[in-house]
Structure formats: structure tokens, C-alpha cells
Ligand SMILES: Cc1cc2nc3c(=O)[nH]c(=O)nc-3n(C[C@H](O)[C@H](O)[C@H](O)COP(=O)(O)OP(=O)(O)OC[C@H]3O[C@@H](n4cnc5c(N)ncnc54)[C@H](O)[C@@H]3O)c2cc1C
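Before any questions on binding or motion, here is one chain by itself as C-alpha cells, the form predicted on its own.
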């Protein structure tokens, strides 16, 4: 087997014959000696005169057996298997459940929110009527936060395990096979709900259980061993282990741990704004003025080091929209999402600043919850400025940099609307000063990024969990509570759909 690269113009489809001929040239053999060719990676390159696709290809001789990276799994019937309680039906919980079924355990999934279909109605009320359902919103409910945030699958790190185990299962449940090879794969918020439903049906068909509208509020303990959970409605569930995959916004779980004295840690996270540009501008910048309608909607990834802190783009949504991701009344949080076609006329991204405990000494009184309480305080301040209709405090980018209130604001995709506000009065100075410096760096990387047509809106604060639930590095079990397995973004060990899913797989694999 030999790997090689081939490039093609963006609007030209590569043929199997061309792949075989390229493999033959790479291996120094005749085309008849090539047994198989497989594209393993596809990326876009707009750096040169022409916009190209770059393909990374594996070529095999007729005497070689190709390596199949598409992971096929033997799922068992686990109706009578040992029960494992899985708290949360986001990617960590769902992929942990699939791994449990493979290993013969019976997952009992407890989700505080609603099923993915019913969840859509609560999202509509949140956008149109500004009614926040504390258990069913953009963060809580079947599928977790990623379901309605484009479905980006950008993680390519192999440190956590085999990413193809995640991608292959997503394809099995309805995702396009292109996610197996694309450098920046995504599914889209219009297609993810059906995939999530297919996963649920698969789990229940193999003997697993789902319980929606079931919020866990405490654990059943025998000494220091977790035997099960107690729920807000009075239900109790017991099993051989509990996987805690509640997501990064389950503050009630963090408060429970702090109250009971169970070990958790304060951890760094990031906070900033959502920046929205016309997508046509981002297309023009990224394609160097060569954009054509057949080309993929352009995206970007930006990072700068300012005063010892990272400032970076987060959850970039090309052809997307902005949505209210609040999980409690009286707070305002923004997020972005886009459908599979990425066809809206806007591009948005979080532009966030790393926040460490040393940045907020005034919150030291909250101990391990200091970062979380700071996060909550800024979300309340954003809400107070915008008002009860979840209007977002906003400035044009140019006005923000000059420290002046915007006289008017550009049109935005954010349905509840925007209100002109001095972001310097909502976000702390250590964040706004770094944002201003970083924007100048980003302008050098993407000339035209700073424009009066771009709007900055507060606040983007749910980039990751501000708390880590301590666990043993080898067993994945909580350091003091036996049989409890903190997992995914909410436990502070992942960020995004793929890394959360991989963490769920690793946790489920460790249960004995």
C-alpha cells in the first residue's frame, strides 16, 4: 500500500480510472497491477491561482488486502444484560450506550429534556416567544447541544481513540459517507435529528431503555459506591454503574457535587461574543475574490495569543444563523447553527477569550464554582441589557474597536433581535481589551474581517465547561465515588461532538 496525493479543480469530478492511473504512477507499476484505490482525505485549497480539491489516496496492489477504515460493530441484544445508568442523551451518552450494547450491558438512558422531535417546538417558542424551557432548549434534550449547532465533526485527533468508530456509526445511522474523508466534515442541523432518532431506535431495538423528561438530582450511595440515581420526579434507577454525561450547562449537577463535597475542579473556559458577517464577504475573502456558486460556503478558523491568553474563533457556522442558547430565565447566551446546505446569507462565529481562575480573583469566594458563577453573572448582565425579549446587546465591529455606541445596527439572523449597547460595559475589560487586539490580528489574516457590516453580539459563554468532575485517568471512574463515570463536555474532558462521543466510548469500554 502507498499513500499519495492528487489534486483536481473544484468543479471537476475525479474518476476511478484517474485514481488507478495516479496510483500506478505513484507505485511505479502498470495500472493492471493496481488492485484498489481509496480516497482517505479530501480538503479544499484556495491558496493558489485555482481553487482545488486535494485528495489523499491509498493505493493497493492486486496482491494486497485493503484496510477497511469503516468500522463494523457487532451489537448484542442486551434486554437481559446488566443495567448501566446513562445520564444524558448527548453524543457522550449516546455513544457510550452504543458501546455498552456492543459489550453486552443494558443502557438505561435518562434525559432531562424531550425527544429530539418534541424539542423542536420548544426551540420555536424560545426563538419566537422568548419562552425558556429549562429542560428542553438548545443545550438540553435528546442529542445534546450539538444537534442544533450545525453538526460539525472537526476533531481529527487520534489521541482519544479511533475517530472512525464514531464517524462510521454516524454513517450507519444516516450521515453522508463524505464525513469519512472530508477535512472539515459536518452534517447539518436539518439532518441531525433524524440521525439521533435512528440511534435511539437502534438502542431500544437491542434492549436499551430511554426515559425523557427525567432529570437526575442525586445519587443513591452505599458508602462511597454509587448504586443508582434519584430523579426530580421521585423515580429511582439502579445499575452496576452510572455514566454521568450531562453536558456543559448542567449547573445543578456541579452545585450538587459542591454541596456534597464530592471532588470537582475549577477549570479554564472561554468567553466572548458572536460575530456575524455577510457570508458573501467571507466567501470573497477566503476564495481571494474567486468564489463561484458551485464552491462550498467558505469558513474560517482564527487564533491569536494576546497578553498570555488565547483568543480564537469557536463553532464557526458558515451560511448559518444565530440562536438564543439560554437554559434559564434571566440569562442570555448566544450560539450559532447551520443546516446541511449552509445556505443562509450570514456567517457567524464565536470569538472568545480564554478565561482562567486568576483572571477573576473577585470570584474566589465561590471556590471551585468560581468560573461557573462568573459565567452566570455575565449571562445575566447580557440579559439585563437586552431586556426580557432576549434581545442581544450588540455593536458594529468598527464601533466596538473605536469605543463608540452604534447609531444603528446591520441586519442580523438572530430572530429575537439586537439592541445597540456598549459591550465594554457588559464584558470585563480583560476580555474586551484582548478582543480588540485580536481583531486587528485577524484583520491581517483576513483582510476585510473588520467592517461596519459585521456585528458583535453578547454573550458567547458556553464554549466549554467551567468545571471538571475529577476522575481517574486510567479507570475513568470518579476519584472518590466508585462506579460513577464522569463523561464528555459536562465532565470537562471533551469539546464537540466527536471528542465527546469518543470519551463516551472510552468510558463505556472501561466498565467492568
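Since this is a predicted model, take the numbers as computed values, not measurements. Residue numbers count along the first chain shown, from 1.
The form predicted in complex with this ligand is left out here; the points below concern that form.
Undergrad: Should residue 111 be counted as a contact of this ligand in the predicted bound form, where contact means heavy atoms within 4.5 Å?
TA: Contact check for residue 111: yes, within 4.5 Å of this ligand in the predicted bound form.
Undergrad: Give a yes/no on whether residue 100 approaches this ligand to within 4.5 Å in the predicted bound form, heavy atoms considered.
TA: The answer is no: residue 100 has no heavy atom within 4.5 Å of this ligand.
Undergrad: Taking heavy atoms only, is residue 151 within 4.5 angstroms of this ligand in the predicted bound form?
TA: Yes.
Undergrad: Against this ligand in the predicted bound form, would residue 497 count as a contact residue? Criterion: heavy atoms within 4.5 Å.
TA: Taking the distances in the predicted bound form, the answer for residue 497 is yes, it comes within 4.5 Å of this ligand.
Undergrad: From the list 106, 200, 396, 215, which entry has a heavy atom within 4.5 Å of this ligand in the predicted bound form?
TA: Among 106, 200, 396, 215, a heavy atom within 4.5 Å of this ligand in the predicted bound form occurs only for 215.
Undergrad: Looking at 140, 414, 257, 374 here, can you tell me which has any non-hydrogen atom within 4.5 angstroms of this ligand in the predicted bound form?
TA: Among 140, 414, 257, 374, a heavy atom within 4.5 Å of this ligand in the predicted bound form occurs only for 140.
Undergrad: Please name which of the stretches 220-228, 84-92, 202-210, 286-294 has residues with heavy atoms lying within 4.5 Å of this ligand in the predicted bound form.
TA: It is 84-92 that comes within 4.5 Å of the partner.
Undergrad: Quick one: which residues from 239-274 get a non-hydrogen atom within 4.5 Å of this ligand in the predicted bound form?
TA: Heavy-atom contacts within 4.5 Å come from 245, 246, 247, 248, 250, 253.
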